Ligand code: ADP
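The chain below stands alone and is given as structure tokens, in the form predicted on its own.
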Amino acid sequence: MTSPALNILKDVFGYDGFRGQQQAAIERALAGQDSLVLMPTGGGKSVCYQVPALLTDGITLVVSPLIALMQDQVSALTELGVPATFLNSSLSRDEQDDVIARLRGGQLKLLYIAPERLVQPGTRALLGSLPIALIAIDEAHCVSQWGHDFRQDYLALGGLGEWFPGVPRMALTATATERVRAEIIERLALTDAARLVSDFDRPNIRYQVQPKTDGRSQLARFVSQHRDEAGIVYCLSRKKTESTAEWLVSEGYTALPYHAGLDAQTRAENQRRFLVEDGVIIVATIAFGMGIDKPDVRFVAHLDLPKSLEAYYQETGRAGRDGLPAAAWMIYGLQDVVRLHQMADESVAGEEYKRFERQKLDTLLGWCEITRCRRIPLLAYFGDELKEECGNCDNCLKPPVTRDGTEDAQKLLSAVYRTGQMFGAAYVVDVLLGKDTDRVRKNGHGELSVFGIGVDREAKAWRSAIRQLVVQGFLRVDAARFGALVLTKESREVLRGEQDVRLREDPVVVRSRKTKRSASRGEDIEIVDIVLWEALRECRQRLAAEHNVPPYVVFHDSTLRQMVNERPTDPEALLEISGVGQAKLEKYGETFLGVIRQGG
């Protein structure tokens, strides 16, 4: 005998079973109990509160930080026949009055609202007069000052228990260390909250990290493997997002910039195109992404270091939410480290917070430089365990070569010391290579014993060694002195020959003339089915335009893939396809069945 919750999951959402901690979260909500739900990006957090919303009398309140996220969720629920809407500043006065009338008339099951709107006395008075059944706080890590995306407006949500006594609360996030989890529970004043933590692994994502040599040519090689696929490219500065987008367009890609400096209309239009059109690349700062639910993002690329492993996991988690193969690719250099340290040091935050930010950056750097499976320490950082190597990261697929770098480390550390610990990496490398530059002559460093002792290696090898010694703790970058390299107490043992150092050989990148097949077609779709695959995608695009929703709101790629493989020819068979519920069967069933019967 199936449960009412499972019936809702199947009939409304079109899925046969719950994943991870979904069922436990639903049961806690139905029992009137609080919970903290941690699931990976794409793990199905929204089901945790949407299912109980349809099983309880009253309204489920969903606190969400972004207007775009609310609109996305409401569009998807409306397509499923679920009465849901949002209340935010994007609505006109008449539209807000209509929402309020529908709330008072008992016509809605879910209401999405921003935290700053929720804390207004008028809004609280309105909601206090309504039967609130459940409160879901999405992106709950925003309440934590130690998290990667702190938002001041979330702090007021600690009053929810007083404003709505007896109403169960569910805090949800995809990224939270143990410290952040504890702070979420404390700041939201959750009562006896169960911590429901799902497996953080995203096995379909391939992690690739490379030292930054020539960023643009490196990106060119990477994106050439993803022609006509949706992707996100993250940059640290607004200027770089715009120049990179322009360059990608010149290379024949559909690419759009996104950052906080663009006017709201341009940002909204670029985001809309990314969600609605196929094969669009968004080049963005971290201003883009939270809550983006586009399932067919095939890659996320970082041209600069993010601020922490939490930010990296969150940002890369926007790839492959449909479960199909996806890539997380990143390049980084010492200049990224200098810039991020400067940003932390220039912050108006207290010294403890600055120190914490530097520690997070150091942890990320250490992860970049590891020579073993990347997924094991990434998951361990979030308290998750992977018992064996993943086989789907660059280090697993092509284990890096290491060498005894003790002598090189001694030469490098000596050069830093002899030049007075006052210069950045480029200058120290010039001294090692014996370059007779104006600056070297001016400082008299051509007379030093270390001048020219590194001519047996190329400049890029020395830059790599500097980066690795920083990660291993034998050198420090002093951001306050414009990136000057400084010795640490650990470096003394290396200089005295009491500590061995191993260095990784950076891989030699060989250009390939082969063009990889588009991953969006899927590995298990035979070539004879490509005609049907494209016909189904064309049908989805047309219906999405008619209904004014993104294509994935009609059906995910994974649902179309299953249609191609199983070729259902009647409504009963189509209903067995994952992602096809009763509402979508009635709305789209015959149209898609017609395409399948024609064989594309």
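Everything numeric here is computed off the predicted structure, so don't read it as measured data. The numbering used is simple: start at 1 and walk along the sequence shown.
Keep in mind the form predicted together with the ligand is missing from the figure; the text below concerns it.
> Exactly one of D304, D293, E310, D430 has a non-hydrogen atom within 4.5 Å of the ligand in the model of the complex; which residue is it?
If I apply the 4.5 Å criterion carefully, the residue I get is D293.
> Quick one: from G42, P52, P65, P551, grab the residue that has a heavy atom within 4.5 Å of the ligand in the model of the complex.
Only one option qualifies, and that one is G42.
> So if I measure heavy atom distances to the ligand in the model of the complex, which of the stretches 44-52, 561-569, 539-547, 27-35 falls within 4.5 Å?
Residues of 44-52 come within 4.5 Å of the partner.
> Is the gap between I577 and the ligand in the model of the complex 4.5 Å or less for some heavy atom pair?
No.
> Find out whether any non-hydrogen atom of Y588 is located within 4.5 angstroms of the ligand in the model of the complex, and reply yes or no.
Flag for Y588 set to no.
> In the model of the complex, does R321 come within 4.5 Å of the ligand, counting heavy atoms only?
Yes.
> Give a yes/no on whether V12 approaches the ligand to within 4.5 Å in the model of the complex, heavy atoms considered.
Because no heavy atom of V12 falls inside 4.5 Å of the ligand in the model of the complex, the answer is no.
> Can you tell me which residues in 407-428 come within 4.5 angstroms of the ligand in the model of the complex, by heavy atoms?
Sequence-ordered list is empty.
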